[in-house]
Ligand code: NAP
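Take a look at this single chain, the form predicted on its own, given in structure tokens.
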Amino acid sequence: MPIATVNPTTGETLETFEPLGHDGLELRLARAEAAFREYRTVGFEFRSELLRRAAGVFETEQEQLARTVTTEMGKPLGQARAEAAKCAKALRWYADHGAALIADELPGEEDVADSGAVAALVRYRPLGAVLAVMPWNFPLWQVIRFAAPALMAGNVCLLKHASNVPRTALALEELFWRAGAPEGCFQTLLIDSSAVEGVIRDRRVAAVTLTGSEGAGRSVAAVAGDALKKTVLELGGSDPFIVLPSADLQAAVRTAVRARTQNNGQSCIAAKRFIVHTDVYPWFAAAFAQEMRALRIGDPLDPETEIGPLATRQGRDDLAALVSDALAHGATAEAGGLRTNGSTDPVDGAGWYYPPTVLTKVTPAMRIHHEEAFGPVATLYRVNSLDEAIEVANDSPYGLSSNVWTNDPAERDRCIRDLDAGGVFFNGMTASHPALPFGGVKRSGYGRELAGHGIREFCNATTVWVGQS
């Protein structure tokens, strides 16, 4: 089955690619194995320079990369440019800090003396070829936040990207080639999802990282577990955005709109459930809905556009079904709430658009209360206390991150202690940064990306013990 670039703004198929056959896939796996044998022996200086050169290519090719991304998955062009710039930043961060993050760990002499050792240390060694199964929503950044630490540690990379962003996937392979990566160090595998299991089971693949849906995570984890291979999973999220009475409400509303609609609302770490204390609920709810209604929908290549199309027709239809179910069970649409056929349609029926939507009166009887809404749809809850806010926030199968607006130190401490999430962001919105570990709990996955935690995920922490000769 061909792999295609389909423009979500128009629904037009722009280019098709034939997936790799058996021989083509075998060639790339053999290259990865050969590359790892050599690349693992090169020093940190070589790896750092490779990452810096790759960062330079991201910067010089920023506009072209951004347009490729926007054309394939529909995010506003300015956001695509920012994504490319963020990739360059992460590459440079690991070039500067990676060696120190996996430097030898030397325990104190007194700590190992009773083991009979005259010396001992822990050395972090690369595992081998790491397969990355990556999503379309941040098609540059998701790859780089895996590849930068993996390459810095001495691993080699195999990318199975989402099937709707093949141009981006191939551009990333070319980017590393142009940066001077040795042959086989970073390769894109244009393969169908049905071929992923065979790659995971191949003896030349050491580990797997996946960012994607819960279903995809379960499938990959099951195969990797059966093959006894390390995995890191970053899956879905339905992050809470708690607003308490001490918050700066104007700043909270501005950030809430951005947190819900970044990337056209298609982000695992986007705030999706807005949980507001009753004392400030009326003002926040009115201002939030007004700002959501005011967002400009249109062609993502237009610099004035704030909301572009969803990446796929299926994604748009799934989102519409969630909203329809909520409305049928008693929810109220304070903004949006309609499919794009009709007055809300920004471009005469073309493309996979969905209007920014705010739903109130949401209850556990509605699918959207427990399922992830992957698009610009917010659910709004009114609570009477911090206890109730935390209870609503934790009433989710997901636990990726969380956002809390308060200026009360005691409330901050309580949220850090009690929110079931991989991160707690106060008076701001969740974002990933190279220096901070990123990942979730519950059905949002396991393991961590970025920071020192991320670079060590795909390393063998080798105990070295030296006895008296």
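These numbers were taken from a predicted model, which means no experiment stands behind them. Numbers follow the displayed sequence, beginning with 1.
If you look for the form predicted together with this ligand, you will not find it shown, but the lines that follow are about it.
Engineer: Using a 4.5 Å heavy atom cut-off, indicate which stretch of 203-211, 100-108, 280-288, 377-385 touches this ligand in the model of the complex.
Structural biologist: It is the stretch 203-211.
Engineer: Please pick, from 115, 193, 250, 363, the one residue with any non-hydrogen atom lying within 4.5 angstroms of this ligand in the model of the complex.
Structural biologist: Comparing distances to this ligand in the model of the complex, the residue within 4.5 Å is 193.
Engineer: So which of 332, 394, 246, 219 reaches within 4.5 angstroms of this ligand in the model of the complex, heavy atom to heavy atom?
Structural biologist: The residue in contact is 219.
Engineer: Though only this chain appears here, would residue 163 touch this ligand in the model of the complex if you measure heavy atom gaps against 4.5 Å?
Structural biologist: Contact with this ligand, yes.
Engineer: I'd like to check something about residue 155: if you look in the model of the complex, is any of its heavy atoms closer than or equal to 4.5 Å to a heavy atom of this ligand?
Structural biologist: Contact with this ligand, no.
Engineer: With the partner left out here, check for me: in the model of the complex, does some heavy atom of residue 239 sit within 4.5 Å of this ligand?
Structural biologist: Heavy-atom contact with this ligand at 4.5 Å: absent for residue 239.
Engineer: Is residue 36 close to this ligand in the model of the complex, meaning a heavy atom pair under 4.5 Å apart or at it?
Structural biologist: Contact with this ligand, no.
Engineer: Where, within 438-463, is there a heavy atom within 4.5 Å of this ligand in the model of the complex? Residue list please.
Structural biologist: Contacts from 438-463: just 438.
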